[in-house]
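In structure tokens, one chain follows: the form predicted on its own.
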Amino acid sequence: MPGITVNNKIGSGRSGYMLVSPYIIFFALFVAYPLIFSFVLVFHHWSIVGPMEFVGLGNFAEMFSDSVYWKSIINTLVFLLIHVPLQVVSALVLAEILNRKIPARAFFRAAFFLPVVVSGVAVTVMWKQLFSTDIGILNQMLGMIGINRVPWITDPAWAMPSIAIMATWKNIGLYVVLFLAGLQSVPRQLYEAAEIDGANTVQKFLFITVPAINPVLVMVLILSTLGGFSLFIEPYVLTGGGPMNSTLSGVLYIYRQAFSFFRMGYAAAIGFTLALIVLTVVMLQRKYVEQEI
């Protein structure tokens, strides 16, 4: 009957809205509203406890003349230049090894992934002990072979590279798993054909493995970059942004402005500019990496 058909369509439409309503509510409360509110904050001064004061582009004018802000951006870029290549290359090499038939392969796969699920604060506290200049295990081992102690987190020249090494160790397991999935999808017939043609191990890796896992490589590169730009826990717990602001990341500077100095509008302006920088870097990576590989 026509009336029953119309009622069924109305009932199915209502059911559909009811099924998606939890996601709509979640998106409205935790994505749309914070995004719109932070965009409004960009043009205001607000200390949480007082009323908002409209300042127009005043926050951006202050930001571009803020030397500490630029220092935090440079620190973040330095971290990325160390961390991302180290992360991608190390994860790919380990995945290539773990993709072969080696003893206790399942154990090593689980062992490399274990740091990913451990609390970032716990990992940072552990590495803080390892990096200790006086009693750290790393310096004790160096002393045993006659090398002077290294001021891992107390010297501005060493602090950010030390954090990059720690962050690589913490996150490498995730990217090893991703690379493993990509390596296992490469047809074995390609390697067999290359061996017949006389290709060596390096040639097979460069001309078969790398092009075959290009989508995974791009994804790992982008995820590593996004993770690098969100650097917060490591400098916050390990160095507090020091020494001499040498490990002050962009996100840590946003946190300081918002929750130490209660300058919510200025923090929101920094957040939006950092998001634009992240978007630009990721788009450049996709453009050039996907074309060259």
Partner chain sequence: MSGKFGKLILYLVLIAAACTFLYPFVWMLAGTLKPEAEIMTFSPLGSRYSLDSYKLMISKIPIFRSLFNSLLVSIISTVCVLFLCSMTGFALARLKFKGRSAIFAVILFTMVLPFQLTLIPLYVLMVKLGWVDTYAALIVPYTMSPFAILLFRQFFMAIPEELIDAARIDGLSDMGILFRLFWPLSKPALITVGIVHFMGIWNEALWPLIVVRKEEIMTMPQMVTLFAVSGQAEAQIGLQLAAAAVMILPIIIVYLFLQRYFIESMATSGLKG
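Residue numbers count along the first chain shown, from 1. Predicted model, so just to flag it, every value in this text is computed and none were measured.
What follows is about the form predicted together with its partner chain, which we do not show.
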Its partner chain in the predicted complex: contacted by all of Y33, I48 and L274, heavy atom 4.5 Å: yes
In the predicted complex, the residue from I147, V210, M219, A193 that sits within 4.5 Å of its partner chain by heavy atoms: M219
Residue stretch of 80-88, 155-163, 183-191, 105-113 approaching its partner chain in the predicted complex, non-hydrogen atom distance within 4.5 Å: 105-113
Heavy atom of S119 within 4.5 Å of its partner chain in the predicted complex: yes
F43: touches its partner chain in the predicted complex, heavy atom cutoff 4.5 angstroms: no
Non-hydrogen atom contact F232 with its partner chain in the predicted complex at 4.5 angstroms: yes
is_contact(I135, its partner chain) in the predicted complex, heavy atom dist at most 4.5 Å: yes
Residues from 247-285 in contact with its partner chain (non-hydrogen atom within 4.5 Å) in the predicted complex: V251, I254, Y255, A258, F259, M264, A267, A268, G271, F272, L274, A275, V278, L279
